[in-house]
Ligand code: G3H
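Quick heads-up: it's one chain on its own, the form predicted alone, in structure tokens.
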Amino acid sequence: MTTEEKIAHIFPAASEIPEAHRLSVPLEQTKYLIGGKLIEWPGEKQNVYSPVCIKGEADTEPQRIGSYPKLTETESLAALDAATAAYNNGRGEWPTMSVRDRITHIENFVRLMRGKREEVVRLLMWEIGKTFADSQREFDRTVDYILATIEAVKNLDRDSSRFVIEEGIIGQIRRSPLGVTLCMGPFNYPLNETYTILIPALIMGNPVIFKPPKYGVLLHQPLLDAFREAFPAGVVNTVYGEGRVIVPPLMASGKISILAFIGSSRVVDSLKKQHPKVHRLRSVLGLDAKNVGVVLPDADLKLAVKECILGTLSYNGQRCTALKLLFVHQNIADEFLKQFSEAVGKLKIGMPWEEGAVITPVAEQHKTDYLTELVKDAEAFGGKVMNEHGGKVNHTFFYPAVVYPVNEKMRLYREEQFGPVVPVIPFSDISTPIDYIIESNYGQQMSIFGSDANEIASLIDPLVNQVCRVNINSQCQRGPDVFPFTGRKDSAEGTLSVTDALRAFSIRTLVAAKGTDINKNIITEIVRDHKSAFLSTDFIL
């Protein structure tokens, strides 16, 4: 079967779906978690359709896979009341609990979460079109992240388990929670990236209100019981529905202390403006990016093509860390495009459950229309699709399009496409890509491909002041999770990594006393008799 035929027949009939990957019945989610209770929702629900379409006798249509509660402002504010009560101005059970005991709750959650792996992975695959193998990896990586967070908080607590004596003042410095946290993760990693903000917020003592992304809602349903069982009432609360309905009342209340958000800078700018005391709001944000790859004339083309394929088209390019614009030196541009286009042609297309499939249907509704508009706009300003079948569409499936030469008149030059369109710009002077990065609104990462250590060194020094990670001969990526993950300009606020996230969701606090005999006796008695969770020399093993 030719590639064109494969695209035309990409979607299966229901009977062709392997038994192991079928959703036997739609998941009609009817409950949400507030105040430690799973509450039945009698109202309107939002239908969920998979990017996977099903071929019928007459037509091919998106597969309906379930529904979830479409809550209102009333339920949103009820979640806020529950979280606020759990925090109780820092006097609640969760914020005053010892780190050791909070770890026990998190470990219990992980145990319960592991039991839901198969359900979550299947829903992850169906909801956002992520391959089965990548869905498994996302689940397992999330568990690994939680375990790494537990170890990191143990190390942090060990470092804080001693007293400091300076200038006659005895002090103990620890990290304390900030308050109610609103967590909103992205659709492309709806489990992993959501939990990279949710788990650190929890483990540092902050009650959480969690709103799943628009795409990737149902996969959290199997974990509601785990949240309810693992945490005290009000520590984890879930809200569902339209963000424009349920989120503004939370922000306008002024009771949100931390906004943990991964998504669009335009959306978060609007949310922050709604908070009446924005100086009291800690923002932990992962936002837009237009990461650039620069292929120098002495680059190892085989390696550069391999890494650029991974960087531009892994999960259909639907990653904030994806390479979204390639600058290729004009001396090697033709050969690079030839090899790159050939490599695109070898990528397996198919359904998420097919072994080896790389290019699958895109997650967002109407995304193929937007990507088609970008390609047509580029063609109007002199660009060409360089690879065979590039830009062909079948419902939610978009075959990767390599567009060259891209220039500043095109939307692809500045817009974050977040999909399988690969813009390529030729350059002769290295100042061209550098100037682009400097003038860009984004500053997350970039990649350099080359062999000359002197030239690469000359690029590193200015570029680390423009982006927060420079990758040498490799694609842009988040991991390893111990590395800092952040961005400059409009790309991020705060730093996420296993250790940095613990700092982002807490604040340094100390207890201090002059070194008088009475104070020494008081501190000794408190520590000896374990009267305080904060003032303590307990060492967590």
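Values in this document were obtained by computation on a predicted structure and should not be read as measured data. Throughout, we count residues from 1 along the sequence that is shown.
Another form exists, predicted in complex with the ligand; not displayed. Remarks below refer to it.
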With heavy atoms only and a cut-off of 4.5 Å, decide whether residue 193 touches the ligand in the model of the complex.
-> yes
Is there a heavy atom of residue 189 no more than 4.5 Å from a heavy atom of the ligand in the model of the complex?
-> yes
Can you check whether residue 320 is within 4.5 Å of the ligand in the model of the complex, heavy atom basis?
-> yes
Is residue 477 close enough to the ligand in the model of the complex to count, meaning some heavy atom within 4.5 Å?
-> yes
Okay, which stretch from 325-333, 234-242, 92-100, 181-189 lines the ligand in the model of the complex, with non-hydrogen atoms inside 4.5 Å?
-> 181-189
Proximity to the ligand in the model of the complex, single hit among 141, 105, 158, 214 (heavy atom within 4.5 Å) | 141
Residues in 334-371 with any heavy atom within 4.5 Å of the ligand in the model of the complex | none
